[in-house]
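Below you will find one chain, with nothing else, as structure tokens; this is the form predicted alone, and questions on how it binds or moves follow later.
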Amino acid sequence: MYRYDQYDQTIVDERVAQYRDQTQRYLAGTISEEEFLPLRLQNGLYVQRLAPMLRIAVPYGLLSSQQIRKLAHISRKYDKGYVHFTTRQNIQLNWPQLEEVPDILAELASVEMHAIQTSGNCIRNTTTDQYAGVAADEIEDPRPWCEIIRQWSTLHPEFAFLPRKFKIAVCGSEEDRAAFLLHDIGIQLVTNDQGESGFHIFVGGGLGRTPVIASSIREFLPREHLLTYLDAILRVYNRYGNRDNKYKARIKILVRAWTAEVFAERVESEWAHLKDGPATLTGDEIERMKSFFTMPDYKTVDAQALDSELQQTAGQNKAFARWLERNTRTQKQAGYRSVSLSLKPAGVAPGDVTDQQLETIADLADRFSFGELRSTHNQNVVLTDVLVCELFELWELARAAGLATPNIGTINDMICCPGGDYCSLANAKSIPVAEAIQRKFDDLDYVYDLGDLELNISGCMNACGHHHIGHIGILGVDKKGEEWYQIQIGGSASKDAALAKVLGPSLSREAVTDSIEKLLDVYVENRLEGETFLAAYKRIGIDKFKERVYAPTA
């Protein structure tokens, strides 16, 4: 993984000192609330419903065991003993004291971490595939490019005050596990007819009040021009983006107003002044960045023999077999698998993990995964490079720590924002709805029979829970001061990205779980052999689902 050099460390240390001084002046009354607002946002600090919330940056989801142990320590010392994994692969503290945030940032800086640009109208954390570097369908490892973007975007003076927040995702595989078509800029690694690597650039995607799928503006961008082209896109947006209405300020609104073709023309015109300029990437710089993401020292093993032994062990232990099927994934490296540690046990807010569990995750990473781990946009944790012969031992240790719920990719592996329990923007609570659904569908045989199914829950239109792109999406709405929920179906975050359609009128919280059950009944009754929920929906349409949910009761 990337390691800070003296410049990185100096920048982060100076930022901590700067924010400590700003906080002290605010508490002393020499900085007003209005003046302090952008300062704290630029350092990841929000004021939520009950307490401040600090969002910690995890660039492209990659963490070391040392960093995880530091996060465990911070959660114990400065918070309530747990952290929350977000859909942008970041980590949040929900109960820090405002006056102690500079101390937290100093502790983070000691392990090459920070909270810079995790909020505010700037370029946020660049995200990517949690299986980067090990995925069998990978075209190229996207992590070096994410790091290049991180260094370019961090404290970029021209883009510190954009019209609105800005999000970038990079996809390096055939299958999209980064949801790049739902970002302000989506970057897909591709090769041209000459076998040269480059990028397919998409712009104008996003969720929130106006969900939009990104548009293609350049089918092939040579790799050396990545930063100059991104500069051109951001310059056009920074100049022409709407600054009078925050609900119309995202780049997706500008692209839609101009059309993708006109936007692309504006970008090309701006790029003409930047192309081949100082920000052009050299081959040496690209290779230097790639040198931080070399493969670990894999063992040479008899993969076929190990797999045979693994299947024999699974045949003797049904619980292990279920976990193996749902929570592990083969790698392109023979004899190794990636393991998903589920942060979605019933009764726990999706994405929450305790300080003790963080310590266990760090131990597991050191013992089985070369000291590294990844956070996912599905709010779980992944350990890559686990020897097949060590999977059973890892499973036993993870299960003892409550990290081995065998539900990855199922209805119970839901994405869920903190909702009204924490967020001052939420119209309704999300966590109780998630818990009710998990308890309703606790029969694993039934859950596995349903197959892959993405259920996403948001507490408001800001869509932090990505409800627009869930196979089933739930949105909390305010109805005359009461919490109600709107159900949507048919969304997808894959390369066939689709926005879910509203099923019908909003429902009470008590009606949500029964309504989800009715949707699943329609699916089971109408599916073809091997057909997923999303495929069945596309084939039969929305009407049968709608009729079942809103049918009058006797």
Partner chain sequence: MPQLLKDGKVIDNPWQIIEANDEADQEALPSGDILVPLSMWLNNQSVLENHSGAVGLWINGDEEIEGIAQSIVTAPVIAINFPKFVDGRGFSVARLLRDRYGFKGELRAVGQIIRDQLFFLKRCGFNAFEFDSEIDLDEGAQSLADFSDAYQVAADQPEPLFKRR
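Not measured: the values here are computed from a predicted model. Numbering follows the first chain given and starts at 1.
Note that the form predicted together with the partner chain isn't included here; everything after this is about it.
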Inset, instruction - Give a yes or no for residue 235: in the predicted complex, does one of its heavy atoms lie within 4.5 Å of a heavy atom belonging to the partner chain? - result: yes
Legend entry - Partner proximity in the predicted complex: residue 161 to the partner chain, non-hydrogen atom cutoff 4.5 Å: yes
Inset, instruction - Consider residue 270 of the chain shown here, and say whether it contacts the partner chain in the predicted complex, taking contact as heavy atoms within 4.5 Å. - result: yes
Inset, instruction - Although the partner chain is absent from this view, report whether residue 192 comes within 4.5 Å of it in the predicted complex, heavy atoms only. - result: no
Legend entry - the partner chain: the contacting residue among 150, 429, 84, 165 in the predicted complex [heavy atom, 4.5 Å]: 150
Legend entry - Answer option from 424, 280, 308, 356, heavy atom within 4.5 Å of the partner chain in the predicted complex: 280
Legend entry - 4.5 Å heavy atom contact with the partner chain in the predicted complex for all of 304, 517 and 531: no
Legend entry - Option from 390 to 398, 227 to 235, 209 to 217, 473 to 481 whose residues, in the predicted complex, bring a heavy atom within 4.5 Å of the partner chain: 227 to 235
Inset, instruction - Between 76 to 98 and the partner chain in the predicted complex, list the residues on our side with a heavy atom within 4.5 Å. - result: none
